[in-house]
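First comes one chain, alone, set out as structure tokens in the form predicted alone.
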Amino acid sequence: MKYKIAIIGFGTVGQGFAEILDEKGNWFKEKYGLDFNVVAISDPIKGSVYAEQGLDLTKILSLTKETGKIDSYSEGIKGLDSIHTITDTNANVIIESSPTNIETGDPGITHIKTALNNKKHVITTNKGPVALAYRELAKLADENGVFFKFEGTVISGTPALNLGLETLAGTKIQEIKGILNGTTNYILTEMERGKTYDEVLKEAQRLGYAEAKPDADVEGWDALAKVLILGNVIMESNLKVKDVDRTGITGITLQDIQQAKSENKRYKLIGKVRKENGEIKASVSPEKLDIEDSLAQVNGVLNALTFVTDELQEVTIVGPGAGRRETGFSLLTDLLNIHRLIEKS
């Protein structure tokens, strides 16, 4: 099968994915038999282009770097919006990498529904649709005989979902807990070195770790979305936003950090989903962890996730939770998994 790919949203993640395909495409075909073309890209700011036989990714990436636009590409059809790029092109795999909206899930939910209803496989890094509408979207994919994959929605390219769903299959998972946001982990790490919250936040914004309006990170909304995904996908719950007890890190002072240090403890923003008296409970909140705890050892912008299981007790995975190539890699992981499943069928 030849995979004809359309990328919806050509920001950092979409470009990271395109770079990986451009640089390593021949190797993917040789090693895995993955035969593909990127036939369309649509972005509300950078423009859109569709070429039935495939786009030259080297040229596309060069144009993006030089001009911030792709609609000056010399060939193909220009001007298709995201929906028409999904419905009116020959793409059979849709990469959905538009910005996350945890309030409504759109435009991601609409993009994904449109693609699935048109019997096209979907791979997304967009947390909103999976956090808010996972069951509906998974059912729609099943009804249309296509795949819906979203590894990159939890810890970027670090394989959190695949670990829980596939590698740990056969264990009973009682709890999943972890550091799910690199920005807050960086802030707490630097505060332990004596800097105030305000100082570190400004530094995080300068380094690109935090947005100008950092509420999604520091108030725990990003971690909340990931907790919903872990709970609803791996632990088969039906959690809603209102079911997650959420507290961010804005109330943590330098004095709190120093007091924890004197107790041989360390603050981390922990997202958690657990089985409790037959129910699934979920939370996001700062916790004082013993310094020997595996999660307490994870500093800087790294993320980590611990699965508490019956057979293996605690299994912890640590890795980058964001980044251009790292999140782009998650899209590749899902594409290769779809390829393997199709090859076996």
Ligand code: HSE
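For clarity, every value in this text was computed on a predicted model and none was experimentally measured. The term rigid core refers to the most C-alpha atoms you can superpose between the two forms while keeping them within 1.5 Å. Residue numbers run from 1 along the displayed sequence.
Below, we turn to the form predicted in complex with L-homoserine (HSE), even though it does not appear here.
Only one of Leu180, Val93, Leu228, Leu116 comes within 4.5 Å of L-homoserine (HSE) in the predicted complex through a heavy atom, and that residue is Leu180. Interface residue among Glu263, Glu236, Glu211, Asp81, judged by heavy atoms within 4.5 Å of L-homoserine (HSE) in the predicted complex: Glu211. The closest non-hydrogen atom of Glu151 lies beyond 4.5 Å of L-homoserine (HSE) in the predicted complex. In the predicted complex, L-homoserine (HSE) sits within 4.5 Å of a heavy atom of Asp217. Although the partner is absent here, Leu335 lies well away from L-homoserine (HSE) in the predicted complex, with no heavy atom inside 4.5 Å.
Contact annotation: Lys127 falls within 4.5 Å of L-homoserine (HSE) in the predicted complex, judged by heavy atom distances. None of 269 to 277, 194 to 202, 70 to 78, 217 to 225 except one has non-hydrogen atoms within 4.5 angstroms of L-homoserine (HSE) in the predicted complex; the exception is 217 to 225. Of the residues in 296 to 326, those that come within 4.5 Å of L-homoserine (HSE) in the predicted complex through at least one heavy atom are, in sequence order, Gly321, Ala322. Superposition of the core reveals a Cα shift of 2 Å or more for Lys213 between this form and the one not shown.
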